[in-house]
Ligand code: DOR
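In the block that follows, a single chain appears as structure tokens, in the form predicted on its own.
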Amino acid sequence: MRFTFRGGRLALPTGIVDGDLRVVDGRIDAIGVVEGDPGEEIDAKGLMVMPGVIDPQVHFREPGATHKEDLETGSRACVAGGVTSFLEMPNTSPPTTSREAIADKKTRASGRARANYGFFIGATPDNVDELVACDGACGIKIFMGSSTGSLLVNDRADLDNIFSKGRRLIAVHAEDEARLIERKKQFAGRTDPKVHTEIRDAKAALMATTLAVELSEKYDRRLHVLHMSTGDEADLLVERGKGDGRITCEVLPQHLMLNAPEIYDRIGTRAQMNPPLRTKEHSERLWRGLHDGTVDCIATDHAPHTLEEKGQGYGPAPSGMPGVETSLAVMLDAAHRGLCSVEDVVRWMTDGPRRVYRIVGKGRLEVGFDADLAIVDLGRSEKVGARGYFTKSGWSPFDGMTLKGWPVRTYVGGHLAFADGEVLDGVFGGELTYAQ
């Protein structure tokens, strides 16, 4: 397999430049001036060639809730959105809390997942031996506050025990469980979805993140704060050790672009997620964190539920929303609107996750790296949902918005996986590797 993109804009680690890029046997072989046999020549004029997006937080619901999503449909949505690698969370049914469960997920993904894959192992109060012994996981996930699923570790002694054993990266869902319980009692009887942001307030997030940072410092343990939603947490990380690389964090397009309380008036319980959407002030502070380097990367927390489930009203309706299919377009549209640059988007969504999880061979246009590529038309405007969805959930919190800048082709390991609005058959990803 040998082919060359001619005349495109190449999103290199040093910036976007004009040039050619050759792929040989699934890897990037030459960049800039391509000498020798080009193989098949692909006209990329007017398009940007960038590394495929790495989404470091998705929930594909397999096993246990495959009516919402599964590894095949979720990964089809990935490649349709320019996402070529994903890291999947452990709150399935049964939960992914053992080496056997990790092995089962890898077996399920092999020959079905259309993008490259990695899996978290979930922490419980009594599975520390499994967490230490599981070499096949990208990281350890701790739910410090209750969310969708049965996993929860909120006792200080249990958290100390987990942080003190082993060296693998720990990723936390940071909401303080005791405060959530207290706030639920305080707001009992409220049935409008706006109360969700009040119950799961900024203080609940800051309390849990503060504790996680303290434990990271105490045990010199790598810590990643998932879906950071408040400016208060960003300020904390600046103050407490962010500079040495031990602590990293991510934000979501939803927390950057959708604000409470008005979003609840527009889409009701579809806007319900954990941690919740917050005020514009918090969004602006998260943007500042991205620009000043406090925030390392962007994820989606793709957490699909059916429209029927989301339409049950506040209380019965589950928290979570889909995101992999639209994340790149949402962020490219933000660049068009002057909130960031295209170079920023590429860095936050590709090289950022690569660095946090030490993923080998992905996330950069660099000779020797895998040819996981998104080909983007920066001038293309399209309404979200106009072409339908590949995710089983069949909706987006950005439904009806017109975004400028969309992936038009996606390559996984040098194979064309998505083109002309269709996911191609017979192209599958492989297991990610990590330089731990």
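In this text the structure is predicted, and so the values were computed from the model without any measurement. Sequential numbering from 1, following the sequence displayed.
A second form of this protein, the form predicted together with the named molecule, is not displayed here; the remarks below concern that form.
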Practice problem: Using heavy atoms only and a 4.5 Å cut-off, decide whether all three of R61, N91 and M273 touch the named molecule in the predicted bound form. | Solution: yes
Quiz item: Can you say which of 185-193, 99-107, 261-269, 295-303 gets within 4.5 Å of the named molecule in the predicted bound form, counting heavy atoms only?
Solution: 295-303
Self-check item: One residue of H224, H227, R76, H282 in contact with the named molecule, assessed in the predicted bound form (non-hydrogen atom, 4.5 angstroms)
Solution: H227
Quiz item: Which of S147, T197, S327, T248 has a heavy atom within 4.5 Å of the named molecule in the predicted bound form?
Solution: S147
Quiz item: Is F143 close to the named molecule in the predicted bound form, meaning a heavy atom pair under 4.5 Å apart or at it?
Solution: yes
Practice problem: Check whether G320 has any heavy atom within 4.5 Å of a heavy atom of the named molecule in the predicted bound form, and answer yes or no. | Solution: yes
Quiz prompt | Heavy atom of H173 within 4.5 Å of the named molecule in the predicted bound form | solution = yes
